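So this first bit is one chain, no partners, the form predicted on its own, shown in structure tokens.
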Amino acid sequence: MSDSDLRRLYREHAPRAPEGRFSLETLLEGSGPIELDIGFGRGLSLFERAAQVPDSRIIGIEVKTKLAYKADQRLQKHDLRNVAILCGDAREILKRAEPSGSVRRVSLHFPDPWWKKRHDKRRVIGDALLTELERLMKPGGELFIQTDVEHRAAQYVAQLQERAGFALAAGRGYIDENPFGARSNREKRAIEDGLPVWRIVATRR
């Protein structure tokens, strides 16, 4: 299969969110807590978390069609029923998602890798996404962000400090370890290479 055929396959068959307003609660069977894994990349965090909390309903959102397609194929191969995958921009998808106050945990793995200032306008974590997360998360729900770009971490902490809907862990937000124990592929690689990772946790007030 040619590269162009593969790109078309990924584009046409990557799983998408329903059109219009839709319910997160109907994407998966059961009544367990809903968790969002935003930017799961190659999917390690998604599958590790699914194994750890089989009663939770985990929804992974990935903007890259190739990665979303491949993760979905793996789900089908292993018949994992507690995970759903949506391909697209999390900001656009979550703007249409319901119901409010339905999400228990959210993880964002190494978003916004562009470290130069001119790329600030491309940031995924901004007012648009945080507004939707405030709406969708339950009181007491946990928001976890990790990055290997130090000034991005500082920006995220500053943004969360300005929002009444979130309280940073330990006042400053930074923690030493991944609280969910589900590593992203990039996190695993950073640890193996001895690179620093900045981890932030905030609680929905």
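Small disclaimer: the values here were computed from a predicted structure and weren't measured. Counting begins at 1, following the sequence as shown.
There is another form of the same protein, the form predicted in complex with a small molecule; it is not shown, and what comes next is about it.
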Would you mind picking the one in V63, A50, A153, L136 that has a heavy atom within 4.5 Å of the small molecule in the model of the complex?
V63
At 4.5 Å between heavy atoms, only one of the stretches 136-144, 157-165, 170-178, 35-43 reaches the small molecule in the model of the complex; which one is it?
35-43
Is there a heavy atom of L80 no more than 4.5 Å from a heavy atom of the small molecule in the model of the complex?
no
Can you work out whether G88 and the small molecule are in contact in the model of the complex, taking contact to mean some heavy atom pair no more than 4.5 Å apart?
yes
Indicate whether H109 is a 4.5 Å heavy atom neighbour of the small molecule in the model of the complex.
yes
Examine V124 and determine whether its closest non-hydrogen atom to the small molecule in the model of the complex is within 4.5 angstroms.
yes
